[in-house]
Every structure is written in structure tokens, then in C-alpha cells.
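Listed next as C-alpha cells is one chain, alone, in the form predicted on its own.
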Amino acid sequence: MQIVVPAETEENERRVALTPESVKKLIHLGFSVKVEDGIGAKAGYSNEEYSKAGGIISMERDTLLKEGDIIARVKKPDIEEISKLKAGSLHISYLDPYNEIDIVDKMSQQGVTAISMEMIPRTTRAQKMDALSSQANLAGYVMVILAAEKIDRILPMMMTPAGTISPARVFVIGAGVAGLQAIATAKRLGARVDAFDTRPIVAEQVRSVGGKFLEIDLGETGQTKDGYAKELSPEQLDKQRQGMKEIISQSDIVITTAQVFGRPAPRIVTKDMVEAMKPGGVIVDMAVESGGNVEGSIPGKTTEISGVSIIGVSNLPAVVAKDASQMYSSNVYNLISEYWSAEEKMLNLSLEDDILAGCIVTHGGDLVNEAIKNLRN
């Protein structure tokens, strides 16, 4: 069975779907692997490393796409390229199926089995395949590093003969995977860290990585069965903003990570809250690509409001492309190997399996994912 890895086409995408290490492991399982020429250059992997691992280098992208029994990539495909995929092939990538209706329909018409890496369920058995979590972990780290580079002061307390420098104050909004990593990273750098999440259940996790949990009474909140925060009502959002504004006014760095899966990000930091920060403050908006948590944030740019810098870096994991590729590649390998039968030389893709039922969007010419189907009804 042939696995192919085409190069990513988005300008700011430096990650690669399979690293040489994963290529070697897949070949050991019985697959053949072809990768597009130069595919790993932006992530620090050379053609020579892929060849040494047993991969075949291809300079013909169209041929590569037509040959693939399994196509592995990071981002969703260009819609024009879907017609080049053979019927019955398996396509693995981020797909954004809640919003990319045309791509999903084209995959279905082409007879492609499309796995959306965002849709991997957050269950114990699926942890090793959970690309959202692996990449969010890195995004949390990157946000703090970007803020530390931008701010005009140091993060740790420092005692010197000239006097004592107090630690910088960091406020992290959202204590999911990215938020917890941001808290832990800021704490390791010596900052004083406050954090808030609409799910009181995560307070202990915040404390376990060194943060102080901010208590704001929002009434009934909670999380979904997949561990995501439930969307707040307008009244709850107002209470949340009022409670956070005081902490923001005292903070040097604010990190926002609030996202609602499949929907635009909630706007939780308004212009008046930004203006409440001291000049020189820095805000990093992780959700900038899905609408932004912060009023004034712009994808791919750093803007300034009243002396406060708002960093809107798109695709945060790609900033650390080598490690991000290694983790994503491991997720893809674990997904493929979980369902590969070496004896039968085939993938056993049963929609009765709870993981596959969650992440397969199209199969056999049909839209089969219940969550996406319900969205259209």
C-alpha cells in the first residue's frame, strides 16, 4: 500500500506530515512511502534523510497525488487537487469540516475517505493520535516566548545590588492544553501567573502547573463531553469581562486561548480592556485565525492600541516546525498503525470504531460523520 506526502501549499505552513523517523517505521510495517521533493526543508528535514529512511523522492506532484492509497498532509487540500485523488484512497489532514463545506462535498463526490485530524475524539485510547492536543501544547509554549521577546522587561524576579526587580505578571485566559502549557512556561521563566477558565473543574490543574486560578462567578458553565469549554451566554461574557478587566490592568502579558470548536472564537478582551493595560504590555491572541479573542487582533500581524502590542501570529505551532512536525507525524503514524493489519496488508476502517466514527468525515461516496451531518440538517 502506497503512502504519499505532498508538500504543503500554504505560505506560512512549515510543518510536514511525516518525518523521516515515521517514514522508516511505516515502511517497517509494510507500506511504501513517497514524498514530494524538498518536503521537509522548512522543518529541518532533508531529502537525504527521507531517502535514508527508505522513502522515495518524487518531483511529480500530480503523479504523487494520483498514486496515493493514503495521502498524509498537515493542512486541508486545495479543492482543485481533490479531483486528482483516486476513489477509495484515504486522505489524512486537518480539514476544518465545519466550515469547508465545498471541500467536504468534493471529497465525498471523489469517493475519498477523509479523516479530519481535528475530529479525533478526546478519549484515553485516542490520546496518541490527538493532533489538536499535541499542537496546542507547542502553541502554548510559543505564545509565552513571543510575548517575552516583545515585552520591554524581564519575566523573573531579580535581586541585584542596584535593587530588586519584581516578577512580571502574566494572565492566561483559557486553561486547556495550550493554556496550561502557557502557564507552566511563564512560571518556569519566573513570572507570576494568574489564569482563568469558565470551567471551575480545571482550577486544580492550573494550580498544579504554578498558576493562581481567578474565581469569577458566571453561574452554570462547564464543559462538553470532549473536554471543551461550553459557549457562554452574552450575560456570562459580560460578567467574565468585568472580572478579568481588573487583572488585565495589572498584567504585563495577557495570553488568550479561548476557542469553541467548530465556531468563531469568542470575543472576550474588548478595546477598553486592552486600554486598561499599562503601556508596553503585550497580548498574544491564540484564536486570531478563528475570529480572535481580542478586539484589534489581526491574523499574521502585531498591532498596537494605546501602547499595548497585540500579537496575532497565525499557525503558532509552525514557529517551532521541527518539533511540531515530529509530534504531528507521530499522531499520523499512530493513527495508521492502529488500524493496519500486517497479515492482510490492509487498513480496517470500521465506522463502528469510536475513534473512526468521530474523525472520518466522508467514506464510500457519502458524508458519514454524524456531527457534520447534523450541522447541515
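All of these numbers come straight from a predicted model, not from anything done at the bench. Just count from 1 along the sequence shown to find any residue number.
There is also a form predicted together with another copy of the chain; it is not shown, and the following applies to it.
Novice: Pick the stretch from 26-34, 340-348, 317-325, 63-71 whose residues have a heavy atom within 4.5 Å of another copy of the chain in the predicted bound form.
Specialist: Residues of 317-325 come within 4.5 Å of the partner.
Novice: Please tell me whether any heavy atom belonging to I165 falls inside 4.5 Å of a heavy atom of another copy of the chain, as the geometry stands in the predicted bound form.
Specialist: Yes - in the predicted bound form, heavy atoms of I165 and another copy of the chain come within 4.5 Å of each other.
Novice: With heavy atoms only and a cut-off of 4.5 Å, decide whether L146 touches another copy of the chain in the predicted bound form.
Specialist: It does: once another copy of the chain is placed as it appears in the predicted bound form, L146 has a heavy atom within 4.5 Å of it.
Novice: Does A258 reach another copy of the chain in the predicted bound form, with heavy atoms at most 4.5 Å apart?
Specialist: Taking the distances in the predicted bound form, the answer for A258 is no, it never comes within 4.5 Å of another copy of the chain.
Novice: Might P234 be said to contact another copy of the chain in the predicted bound form, defining contact as any heavy atom within 4.5 Å?
Specialist: Answer no; every heavy atom of P234 is more than 4.5 Å from another copy of the chain in the predicted bound form.
Novice: Here the chain is shown alone; which of S93, S134, T198, N293 has a heavy atom within 4.5 Å of another copy of the chain in the predicted bound form?
Specialist: Looking at the other structure, the residue within range turns out to be S134.
Novice: Only one of T185, S116, T113, S297 has a non-hydrogen atom within 4.5 angstroms of another copy of the chain in the predicted bound form; which is it?
Specialist: Looking at the other structure, the residue within range turns out to be T185.
Novice: Does anything in 146-162 come within 4.5 Å of another copy of the chain in the predicted bound form by heavy atoms, and if so which residues, in order?
Specialist: Residues within 4.5 Å: L146, A148, E149, I151, D152, R153, I154, L155, P156, M158, T160, P161, A162.
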